[in-house]
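The chain below stands alone and is given in structure tokens; this is the form predicted alone.
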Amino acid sequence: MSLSLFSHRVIAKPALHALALVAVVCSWSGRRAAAQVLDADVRANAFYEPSKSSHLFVFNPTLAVAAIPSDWLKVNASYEADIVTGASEPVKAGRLGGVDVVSAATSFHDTRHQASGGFALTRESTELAATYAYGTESDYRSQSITVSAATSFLQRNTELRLSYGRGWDHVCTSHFREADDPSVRAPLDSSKGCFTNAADRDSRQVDLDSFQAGWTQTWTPVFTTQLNATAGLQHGFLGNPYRGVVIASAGDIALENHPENRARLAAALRLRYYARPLSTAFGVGAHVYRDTWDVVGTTFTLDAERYLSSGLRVQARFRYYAQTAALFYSDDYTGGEPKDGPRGQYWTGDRELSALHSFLLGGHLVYKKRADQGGRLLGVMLGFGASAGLDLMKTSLSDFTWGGTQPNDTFAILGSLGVNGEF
């Protein structure tokens, strides 16, 4: 194994965000029946980069169950896994000229497991909810708590929501002292020995805080807006423990070195309008992001949704994303300050910290069927749903190379399947 799930978190992140938009659309589609006491949801997402030299495949099955023992209490539990296989370059080299650096892709395989559980208390137009999640993989441990509160008023046309999340993660790294100069720290060669007493392994903490405020407003029966503001704080080891960076013209390699603190701010506005003459709902959205590493990102989305028949609807969407590079990003750290040293205090091999832009185009089919009043589907279900989706994503990297060679893993295919039963 080389970059393990760290590659998945970085490369697939924009794609998984895109898949999450399906949940947002569905969440606006209606409320559950009061008689429903159990909701079972089975989904599977897949992410594939068909690169010959640096391919990546991520399979993400999810099972979620929610029980509603009374009209004021909902209890939920879920399990998901990320099964990752692929290959990635362990050493980030810039345009080195005559320096011979081997940065061939290394194969890896890993699986992340995450279980979560929580509850929601609902009274009239107010909801209080809390969720705990625990995740584990060969080189990473995570646990988090999220609490939220929401209220609706003005005949339920206005909803306000606040949430806070706290994460305590631990990442496996090679052994080094905090006092050691970052230029002598070595990247991990594998996850073997992680979270044991192995002398050549360490565990380092990552603290995560996230805040979110949301306002959803139904202005007319056919027009709705949603405004969200988020903030995040990260502290600890924020690099990839497997990735080395060439930091000197002689070919010296060191573990990538990121700042230990990162603050993030983002805001998103989404508008949704149902055009009755066309029997189609249209959505448009804009998202802006900035952090203390000087990464500035903007996202624009367009989507349309239309019923093809009773219970069957089709969704189409387009997304454009662009960002600037981090303050300390460079494609080549060998022309540094001082003359024979690394360029600046920090260095990275993460292409998600370089300037880039991406396009996503996709479509989804969603089917929902509800039982007649007082009846059951197949004798047991109040409702049944199924969905399938396919997205294509292309990323353009304006200033990122592997030893002067442009990456060839910039095209990705995303697929999703889901089945839902309401009992």
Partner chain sequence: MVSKLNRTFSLDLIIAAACCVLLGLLGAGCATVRPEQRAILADPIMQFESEPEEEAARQHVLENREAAMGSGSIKGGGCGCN
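What you see is a predicted model, and the numbers here were worked out from it, not measured in a lab. Positions refer to the first chain, counted from 1.
Another form, the form predicted in complex with its partner chain, is not on view; read the next lines as being about it.
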Given a 4.5 Å cut-off on heavy atoms, tell me which of 293-301, 191-199, 122-130, 172-180 is the interface stretch with its partner chain in the predicted bound form. 293-301
Quick one: does N240 come within 4.5 Å of its partner chain in the predicted bound form, counting heavy atoms only? yes
Report yes if any heavy atom of P277 sits within 4.5 Å of a heavy atom of its partner chain in the predicted bound form; otherwise report no. no
Even though the partner isn't displayed, in the predicted bound form is T220 close enough to its partner chain, meaning a heavy atom within 4.5 Å? yes
Its partner chain contact at H258 in the predicted bound form, heavy atom, 4.5 Å: no
D41, Q114 and A266: each with a heavy atom within 4.5 Å of its partner chain in the predicted bound form? yes
Using heavy atoms only and a 4.5 Å cut-off, determine which of S330, S210, T106, S148 is in contact with its partner chain in the predicted bound form. S210
Note that its partner chain is not shown here; using its position in the predicted bound form, name the residues of 348-382 with a heavy atom within 4.5 Å of it, in sequence order. E352, L353, L356, S358, L360, H364, V366, K368
